[in-house]
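The chain below stands alone, shown as C-alpha cells; this is the form predicted on its own.
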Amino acid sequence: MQTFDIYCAGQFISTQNPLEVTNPFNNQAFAQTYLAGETELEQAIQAAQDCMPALRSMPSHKKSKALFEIAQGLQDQLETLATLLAHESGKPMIYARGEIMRSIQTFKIAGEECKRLPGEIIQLDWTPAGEGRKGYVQYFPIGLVAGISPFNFPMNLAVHKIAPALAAGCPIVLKPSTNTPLSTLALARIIDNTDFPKGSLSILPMNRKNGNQLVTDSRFKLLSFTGSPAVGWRMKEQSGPKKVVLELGGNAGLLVSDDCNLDLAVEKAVIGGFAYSGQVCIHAQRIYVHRKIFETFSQKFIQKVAQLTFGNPLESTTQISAMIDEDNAIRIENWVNEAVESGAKILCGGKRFGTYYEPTVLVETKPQMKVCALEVFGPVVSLEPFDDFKEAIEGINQSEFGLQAGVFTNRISEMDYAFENLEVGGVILNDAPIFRVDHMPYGGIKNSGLGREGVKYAMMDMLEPRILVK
C-alpha cells in the first residue's frame, strides 16, 4: 500500500497510529496514513503561532504568487489527484476531475483576492466632536484558524478553508475526514514547495477526541466547520469566544414551473439529484413540479435516471457508484423502507447492494417522512406535484434547513417572488440547487449553518477591522 505522511508544522511525519484508507467501491484498503495525537497537534499550534508574524507581514504579491503556484501544481497533477480522490471517496472520475479543477479555481481566486484586502477612510466630522478628524480602517488577520472538512468534497471543501486563510494571512490547522484524508495530504506537498512560512498549514487526520481541541482551544481564533448540523451546533456551544463559521446540511428544494424549458429542467434535476450518489448538501432532494407538466416531467425524469451508469468510479463512463460506506447505504435503505410503509411509492430504484444504493425516486411522500424532513445525503429524491406557485414556495420553506433552492421558470414575476420569499442562502434560477461556483457567497440559514464561504466572504470572517483616528 502507498503511504502518506501527515503534514505537521511544516514537516511530513509519521506517528505510532496508522490509519488505513479504504476504497468504498470494493471495500479494500489501498493506502495508509497516520492519526495525529495531542503531541502533533501541539507542535502544529506552536509552529502556527511562531510563523504568524511572518505570514501576517507577507506582501500581497508574494502571497498571490504562492497561491497561483499552488493552482499550477494542482493543474500539473490533475489526473493523479483526481484518481486518488476517486479511490478514497468512491467519487466517479467525471466528478473527481471537476473537483480538482474547482480547487484550482479556488486558489486562483484567493491569489486575486489577497491583493484587494478591504480598507477605508471615514469622515468623522458628522458631529462637532469629530471636527478635524478622520478614521482609517484597516483589516488585520484574525489569527490561528481551525478547519474541519468532510468526506464528500475532500479536496475542494478543504481548499475553501485553506486558500482564504493563507490569502488573509492566517495560519490554519486542518482536520480532514479520516475517510478521505489523502487528497489534502497530497495538496500539502504542493503547498510545502511555496514561500508560505513553515507552520502556516498543518493537515492532521485525528480522532474526534483529539480533533475536538480545534473547537475548545482558545488559541484558535476562528473555527470553520463543514459537516452535520448536530455536530456543528454542538461545536458552537463548546467553542467559547472564538468566531465560528458553520456550513451544515440541507434538503434542497427544486421547483419546476409549467413555464420552463422542460427538457433542461429534467436534465439538470437528474444531475442535481444524483451526482456523487446524492452525497452533496445541496443535492435536489425535494422536487416540486407543476401539475400541468407533472406526468411528462416524471416520465422523462425516470427514463434518464434509469440510464445512469453504475460502475467502478475509476471508469470514465461511470456516472454513479458506491456510497462512502455501507452504514450510510443501510441508513438510506431504512429511510426509504420507512417511507414506503407510510404510503410513499417507488417509481424507480429502491434496492441496496453492499455500499451501492440505486438511484431512487419516490412519490406520494409526506413532509414528516425522513426522506423529506431530514437530509438524505444519498441517491433519493421525492417528486411531488403542485398547483399554486406560492404554495410550492411555502412547501420548500417548510423545512428546518435553508441552504439553496432551484427554480425553473421563465416568468419574471415568479423569479422575483422566489428570490424574495425563499428562506435559503441562495436561489438558483433555471438550474438545480447543486450549482455552485467558488467565488460566490455560499451558505445557509436556519439549521443549514452560520456565515458564508466563497473565498472573499470567507476571508472577511478571517479579518478583523481596526480603526485609527487622527
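One rule holds for the numbers: they count along the sequence shown, beginning at 1. Small disclaimer: the values here were computed from a predicted structure and weren't measured.
The same protein also has a form predicted together with another copy of the chain, omitted here; what follows describes it.
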Name the residue from 358, 375, 113, 384 that puts a heavy atom within 4.5 Å of another copy of the chain in the model of the complex. 113
Could you work out which of 388, 295, 120, 76 is the residue within 4.5 angstroms of another copy of the chain in the model of the complex, going by heavy atoms? 120
Can you say which of 149-157, 173-181, 120-128, 188-196 gets within 4.5 Å of another copy of the chain in the model of the complex, counting heavy atoms only? 120-128
I'd like to know if residue 46 sits close to another copy of the chain in the model of the complex, meaning any non-hydrogen atom pair within 4.5 angstroms. no
May I ask you to check whether residue 50 falls inside a 4.5 Å heavy atom distance of another copy of the chain in the model of the complex? no
Can residue 419 be called a contact residue for another copy of the chain in the model of the complex at 4.5 Å between heavy atoms? yes
Can residue 37 be called a contact residue for another copy of the chain in the model of the complex at 4.5 Å between heavy atoms? no
Run the contact test on 83, 291 and 304 with a 4.5 Å heavy atom cut-off to another copy of the chain in the model of the complex and return yes or no. no
Would you mind checking 395-426 for residues with a heavy atom within 4.5 Å of another copy of the chain in the model of the complex? 409, 410, 411, 412, 413, 415, 416, 419, 420, 421, 422, 423, 424, 425, 426
